[in-house]
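Below sits a lone chain in structure tokens, taken as the form predicted on its own.
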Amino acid sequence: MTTHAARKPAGLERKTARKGWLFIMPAVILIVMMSFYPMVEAFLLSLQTGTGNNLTYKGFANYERLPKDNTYAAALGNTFFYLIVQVPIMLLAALVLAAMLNDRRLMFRGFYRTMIFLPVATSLVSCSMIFLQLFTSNGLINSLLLNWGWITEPIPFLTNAVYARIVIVVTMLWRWTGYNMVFYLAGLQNIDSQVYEAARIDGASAAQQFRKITVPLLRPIILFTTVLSTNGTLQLFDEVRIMTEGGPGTGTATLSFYIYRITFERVPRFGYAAAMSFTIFVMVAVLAFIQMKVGESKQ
């Protein structure tokens, strides 16, 4: 009697598991077909050299070529510049804005939240076009600075490598800060307001509350947004393609933009482009792993 009673739940669990797999199988099949199979094919393609359809297997020749490619090195450096400069500023700004807009005493909170989030609803192409028009030699920014007498000639925002990288960073900040702010706002609204009230009664300043309460309690969300932002920045393409075309020279080119040029704008070298794509994949995976481990250790 006891044996039969013990076996029945186990059989029920197996039956439930089979039904569960039946329900998720369509999604699994689509993921394998749309993600994993193309990844395997892309890796096999990265082992081939040649132009167009004239490809031959040469092992890891494409990967051996990467360290010798000066354009690849420049694009890699630019990509990490955007990653190191833009991501921390964006996440910190999003966190500070979320903390400010979570204050119930602030009037017109809904309006401010909408205005900060609104750029997210703008397409990447439109966003890039807006900042392109703002920062051209005869754009609004230079016109205002000239009219105010602050400069005597237009600043080469998009033709000087340093200025152009800064403009791209500003564009990304405007586009994505509100996106990350929403995640932090959602997390803050799950924190009991009495925690902050108790801290205020104990004499904690706003900065101390932010450092001692907000940041520790939002650590899982901060980790999530860090991984997400790192992934997106390593694949940065639209802003560079529309605003600077990677110029001047290779001053603003990113890995994704260089892959695009190798594949579509020049004599197509699909194997070499696939090899570069896999370096992005490896970097995303390694950085995400490191960030996850750092997040776990701090918890």
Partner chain sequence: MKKKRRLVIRPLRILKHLILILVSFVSAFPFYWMVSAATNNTADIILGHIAPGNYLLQNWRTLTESGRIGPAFYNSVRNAVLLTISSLFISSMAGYGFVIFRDKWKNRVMGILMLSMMIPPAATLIPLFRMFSQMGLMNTVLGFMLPSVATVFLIFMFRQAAQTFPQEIVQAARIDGLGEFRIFLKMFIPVMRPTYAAAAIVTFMNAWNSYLWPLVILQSPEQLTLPIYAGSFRGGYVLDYGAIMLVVTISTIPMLIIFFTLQKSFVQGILGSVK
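These figures come from a predicted structure and were not determined experimentally. Under this definition, the rigid core comprises the largest set of C-alpha atoms superposing within 1.5 Å between the forms. Numbering follows the first chain given and starts at 1.
Same protein, other form: the form predicted together with its partner chain, not shown, and the subject of what follows.
Considering its partner chain in the predicted complex, which of 155, 129, 199, 85 comes within 4.5 Å of it through any heavy atom?
When its partner chain is considered in the predicted complex, the option within 4.5 Å is 129.
Which of 118, 151, 215, 92 has a heavy atom within 4.5 Å of its partner chain in the predicted complex?
The residue in contact is 118.
Taking its partner chain in the predicted complex, would 28, 31 and 35 all count as contacting it (heavy atom within 4.5 Å)?
Heavy-atom distance to its partner chain in the predicted complex: all three under 4.5 Å.
Is there a non-hydrogen atom of residue 65 within 4.5 angstroms of a non-hydrogen atom of its partner chain in the predicted complex?
Outside the cut-off, so no.
Is there a heavy atom of residue 143 lying 4.5 Å or less from a heavy atom of its partner chain in the predicted complex?
Close contact exists here: in the predicted complex, residue 143 approaches its partner chain to within 4.5 Å, heavy atoms only.
Can you tell me whether residue 122 touches its partner chain? I mean in the predicted complex, with a 4.5 angstroms heavy atom cut-off.
Yes, residue 122 sits close enough to its partner chain in the predicted complex that at least one of its heavy atoms falls within 4.5 Å.
Even though the partner isn't displayed, in the predicted complex is residue 106 close enough to its partner chain, meaning a heavy atom within 4.5 Å?
Flag for residue 106 set to yes.
Relative to its partner chain in the predicted complex, which residues of 275-293 have a heavy atom no more than 4.5 Å away?
Result: 277, 280, 281, 284, 285, 288, 292.
Quick check on residue 285: with the core superposed, does its CA move 2 angstroms or more between the shown form and the other one?
Residue 285: C-alpha displaced by less than 2 Å between the shown form and the other one.
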